[in-house]
Ligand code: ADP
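As a starting point, one isolated chain is supplied in structure tokens, in the form predicted on its own.
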Amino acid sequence: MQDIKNLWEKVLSRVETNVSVVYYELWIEPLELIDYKDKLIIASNSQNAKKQVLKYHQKELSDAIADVFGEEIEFEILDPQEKDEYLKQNKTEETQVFEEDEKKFVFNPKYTFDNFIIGKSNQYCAAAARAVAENPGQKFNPLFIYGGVGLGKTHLLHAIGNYIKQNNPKLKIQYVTCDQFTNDYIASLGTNKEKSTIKGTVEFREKYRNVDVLMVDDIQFISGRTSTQEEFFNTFNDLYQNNKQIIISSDRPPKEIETLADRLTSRLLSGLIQDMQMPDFETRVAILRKKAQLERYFIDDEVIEFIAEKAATNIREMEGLLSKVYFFASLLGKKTATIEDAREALKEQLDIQKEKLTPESIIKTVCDYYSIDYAEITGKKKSKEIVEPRMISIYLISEMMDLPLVTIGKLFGGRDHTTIIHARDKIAELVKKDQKTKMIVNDLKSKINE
């Protein structure tokens, strides 16, 4: 069934050369081959996608299938509901094998070191990732990369995986999210006391310990999961003692992951800890230009800079805005997206962000982040656990909104403008010098913009 899957990938590649980039990304690329008996059974990601392919690109798809398979083969496209019904009714051994193949993780081929844009914010992370990819198990073990949402941590993990697969194909790599590791561990314990857990435990350890490289994404979610931490600790030790490479990503450093066992924290701290910081404007522009080049988008430089300014906290969001602008221009029949297209395409989104952004919403986001009450942060209380969030709130409101100092002071119990200036300037200085404060502020900005 793996051979059929490879042929299907060739079919998609053939179709890609005969349709526009936008239509390929929207309707063709998401198509999934789920079965092959007398005909190909293809699943689309929506009912609308099915209609679009059958209406506009049925011939291109049919020709590509005949070209790759060497004969004309019938095919049927299913929408998500039809796919579920088909799989329930056709649970054959063949489809089960195919589903198992689908579950095997494949690194995103677009995430490589060559297309990872390096700037001051991520140069050390990139260098460490490259060193680990070139010499797994020999340098920087474990490698722990942390940073806010959408800054490129997953890109680097995939880049490591792609590099190793290309240069050391015999090495066995296991990539999982923390949630998947937890779910696999729970499943290995069995569903009831009468069921033997020996087989499940053996399979679990075979999966996670019989590897050369283990990657765990979003390890912060292991917080509070005592049994999972114990199993991960044992897995970590087994791999580390056998010189197997361990790579971990998180949204915060090990010491700031709540309820993490001391001995596990110690293990995570034993390697190299690198933080992925917010990219500066120049790096964001370079990232967008690379994205446009890879996706064959024709975009004016003015548009690139416009998006880099509007989406300053999240690379993923930034790339999404770029795609939206190009798609909008394509629908209008334009070959190149202009600044006018960008303003029109993003008008609703930017208006919504502007409407949602209020000083109260910023304060509430900070309160949720620190788990404190709104009344406490705006009140007179001066304890350490309240003062820092209050000052950060003042800083964020000052930076993200054009409000008079007196107005900001009124939000915080009528504090005078000199107090507001002091709080704003102190956090601004800490952002420059203290990495922890910088990470917190950037994380909050990302949450506020979301």
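The shown structure was predicted, so the numbers you read here are calculated from the model rather than taken from an experiment. Position 1 is the first residue in the sequence shown; the rest follow in order.
What comes next is about the form predicted in complex with this ligand, which is not displayed.
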I need the one stretch from 153-161, 179-187, 232-240, 339-347 whose residues put non-hydrogen atoms within 4.5 angstroms of this ligand in the predicted complex.
153-161
Should Asn122 be counted as a contact of this ligand in the predicted complex, where contact means heavy atoms within 4.5 Å?
yes
So in the predicted complex, does any heavy atom of Ala128 sit within 4.5 Å of this ligand?
no
How about Leu269 - does it come within 4.5 Å of this ligand in the predicted complex, if we only consider non-hydrogen atoms?
no
Does at least one non-hydrogen atom of Ala308 fall within 4.5 angstroms of this ligand in the predicted complex?
no
Using heavy atoms and a 4.5 Å cut-off, decide whether Glu32, Ile41 and Ile77 all contact this ligand in the predicted complex.
no
Contact with this ligand in the predicted complex, heavy atom within 4.5 Å, among Val213, Ile299, Ile117, Ile273 goes to Ile117
Contact assignment for this ligand in the predicted complex, among Ala133, Ile363, Leu321, Ile287, heavy atom within 4.5 Å:
Ile287
Pick out the residues of 126-148 whose heavy atoms come within 4.5 Å of this ligand in the predicted complex.
Gly148
Cα separation of Leu322 and Arg14 in the predicted complex versus here, shift of 3 Å or more:
closer
